[in-house]
Every structure is written in C-alpha cells, then in structure tokens.
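What follows is a single chain, given as structure tokens, in the form predicted on its own.
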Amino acid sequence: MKTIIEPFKIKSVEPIRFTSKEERKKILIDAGYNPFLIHADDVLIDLLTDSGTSAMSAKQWAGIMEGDESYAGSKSFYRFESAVKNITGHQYIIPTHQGRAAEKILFSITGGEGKYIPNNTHFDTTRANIEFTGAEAVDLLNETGKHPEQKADFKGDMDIDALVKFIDETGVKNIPMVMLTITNNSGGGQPVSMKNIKEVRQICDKYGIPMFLDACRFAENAYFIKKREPGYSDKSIIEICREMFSYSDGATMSAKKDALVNIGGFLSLNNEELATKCRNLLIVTEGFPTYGGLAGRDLEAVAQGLEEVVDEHYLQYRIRSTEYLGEKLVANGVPIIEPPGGHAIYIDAKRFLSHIPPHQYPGQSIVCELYIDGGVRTVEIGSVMFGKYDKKTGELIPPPMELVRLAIPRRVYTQSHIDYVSEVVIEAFKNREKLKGMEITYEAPMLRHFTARFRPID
C-alpha cells in the first residue's frame, strides 16, 4: 500500500514547546496525576480528545469573516440550518454551543426519575446529562464489542436481543427513546452497521419508541459502512449519511468532532411538539433559536465543515492515518482494541498492565507514563471515567473494559508526529512491569475524570 498522504497543504503553523522528562514529572505531580489539569502549553502531542481540536480549512476561516452576527434570523443560521438538513433530513434544527448542551436540553425534557435510555454505549457527558435528571443510562453493546482482542467489522453495534429483553422487562412507558452512538466512542471508536441501525429502528417501530442518534462522528461511521458493509461500496458518503439519519427521529451532535470546528453543536428533531419544548428551554439556557449560544461566524464554520467532512478523500486519510498508528503498536505487541476505530486508538489497559487490578486504575497509570516519558497527553476510559461504587459495600464496580484513548485531532498532526507517539507507547509497554497502580485523592460527584486527583500506590 502506498503512503497515505494528507489531502491538504499546511498554510499556518503553531509552535510546540518542548519540555524535559524531569519537568514533566513535576508538572504531573502538580496536576494531581490528571492530564486534564495540565496546562496545554506543557503538552508536546495532545491526544486528550478530538473534540474541538481540529484544524479548520481556509474556507472555514473565510466563513468566520462572513459570519452574520445579527441576534435573530442571521443569514449564517439559515446556511447552518440548510447544511444540517441536507445531511440529516430532520425538520427542526436547533443550534447549541456544543453537544452536551443539546443533550442537556433533550434529556431535561424527556428524562426524569423512573426513565431509562438504552444505547449501544453512552459516552460520559451523555450519561451524565441523563443521570442528572434522575433517569438511568443503560448500555447494550454487543458481546464482541466487549472484547478488545476480537476482530469484527462492526463492534459498535447494539445487542438487538438485549434491547428487546430490556424493553419487555422495563416497559415502553419508561423508555422515552433508544439511542445509538455512531461511531461508538466508549466502545473503542467502533462503527455501527447500517443493518444494526435498521434493526434498532424496526424494534423502535414495533414498540412505538423514538430512536435518536448521537451523531458526533457520523461521517466516519458512514465511511466504515461504505468500506465494510455489502451493498454500500458504490454509494457516496452523503447518500450513506442520509440513509443512516433517515431511520432516526432526531439526533444530538457535537460539531466539534465531524463538523471540523472548535465549538458548536445541534439538536435535530422531527417531532414538532418536542422541538417547541426544546426551543423554549434553549432560549432560557443558550440563547435565541437562530444562534443557540453560537456566534454567527461559528455557524458559518459548522456549515462549511459539514460540507467538507463528507469528502471521501478526507475520510480515507482520516481512517487510514488512525489505522497506521494501530498497526505500528500491534506489530510491537501493544494490546489495543482491534481493528482500530475511526478517531482514536484504544489501548487495552487490562492486558497492558495485567498486574494492576481495576480498582487501582491501570489506564490512569498508562496515561501518566505516556506524559512523563514523551509529553503525550491521553485519557483513561475505564474505571476512572465509568466506574461506579456499590451502594452497600462502597466497592468499585468496574466497566467491561479498561482503556486508554489516543484521540487524534483532525488535520493537525503529521505522520512524523504519529510515529513519535508510537515510539512513546512502545517504550512504555516495554517498561510496563515498573508501572504502579493509582488511587484517587479527590473526586467530584459526577464526571469525576475531569477534575479528579490521584497519587501512585507504593
């Protein structure tokens, strides 16, 4: 296979500040061994998240200058609305400043005590916004998706049998919606098949339950469908996207992912009554319905980004560059979720640090080592992010997988940056027996991974 080249030229650069290993040790101690609390200027390669960290295109920056900052009815909103409708086909488009704002509005209206919302796998803010209302977020990932070492084309799929059983046991009146996250972020950035999306839709139709998409990485998911699912190789990315959304009643999206922008999001709906309630809450929390907490220039950038992200040359580069990192790690024995997902590589911390149990947070130990050794910032997606405590015993209930996510910002790093990352990870793996477990010294009641502080266990 020929070298995959970036489908763009670099027009502007930002310098990286280099630090020594000793400097990074002190920085990490001061941050309570939590990379979220490290100053970005002290990070060499930042793979903490792919959210809002993309490099915008020349046309997006041009759109910034053309943004209409009218409070109500700006032309930038109507371009934004048209771009979202072109992909989703949904009737009512509500802009928000980011994805979690859309989640907050949607679940404040549909959630509440005694409600349950099933998903293939909820991500952190989705789960938090559901559970903040008193509702319960339920994960129904297929069995293969729970095993990092097993290879399959669509490990992000929902378990259909488990969904039917859950609905029958829980009762339709207690389930305001079923969600699918595409691609499945917490499940390793793994794609969801069109077959699975259709099957979930059929179940929802049978029981009369609305179906929603968490569509942060819809274009990446569409590319996987085109490449892996029979019957889609000759379809364009935009055609596949439209079909995916056609099976849904609404969607939430953080535009900071597949819309290639630094801020923005939306809630799209087909139900007029629900849309009216959401808009009314939007006015209280975000702003007028034609700006929703965003500047006109941000709406322009999102609209342009939604046009660029469905370009197949871009998606080929995006998926292949992630796969490239995964191949280098696997060739050197590093255990990851296989096959590589779309936006990130997920290290399997259970196999990487088999001597550290989940209650000592092996993923957090790896995260700290990658920063100390190479200045690479990553994030734990395991018992720190998703662990719960038994209400009776106080003991940790770990999630199915202990992972470390290396999320790759869009159009930001070159192949030499990725080669460097692979070298840092491989070095940490060679020295894995020296790594120690971690314990939490401070945690917030929700979304604790953002602000928690740790210390190594002697």
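All figures in this text were calculated on a predicted structure; none of them were measured in a lab. Residue numbers run from 1 along the displayed sequence.
Although not depicted, the form predicted together with a small molecule is the subject of the following passage.
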Even though the small molecule is not shown here, does it sit in the model of the complex so that G99, E103 and C216 each have a heavy atom within 4.5 Å? yes
Using a 4.5 Å heavy atom cut-off, indicate which stretch of 352 to 360, 157 to 165, 181 to 189, 310 to 318 touches the small molecule in the model of the complex. 181 to 189
Could you tell me if T88 has a non-hydrogen atom within 4.5 Å of the small molecule in the model of the complex? no
Looking at the partner-bound form in the model of the complex, is S254 within 4.5 Å of the small molecule by any heavy atom? yes
Given that the small molecule is not shown alongside this chain, does S365 nevertheless sit within 4.5 Å of it in the model of the complex, heavy atom to heavy atom? no
4.5 Å heavy atom contact, N142 and the small molecule in the model of the complex: no
The listed residue (S193, T125, T290, T133) that reaches within 4.5 Å of the small molecule in the model of the complex by any heavy atom is T125
Which residue, T49, S422, S54, S57, has a heavy atom that falls within 4.5 Å of the small molecule in the model of the complex? T49
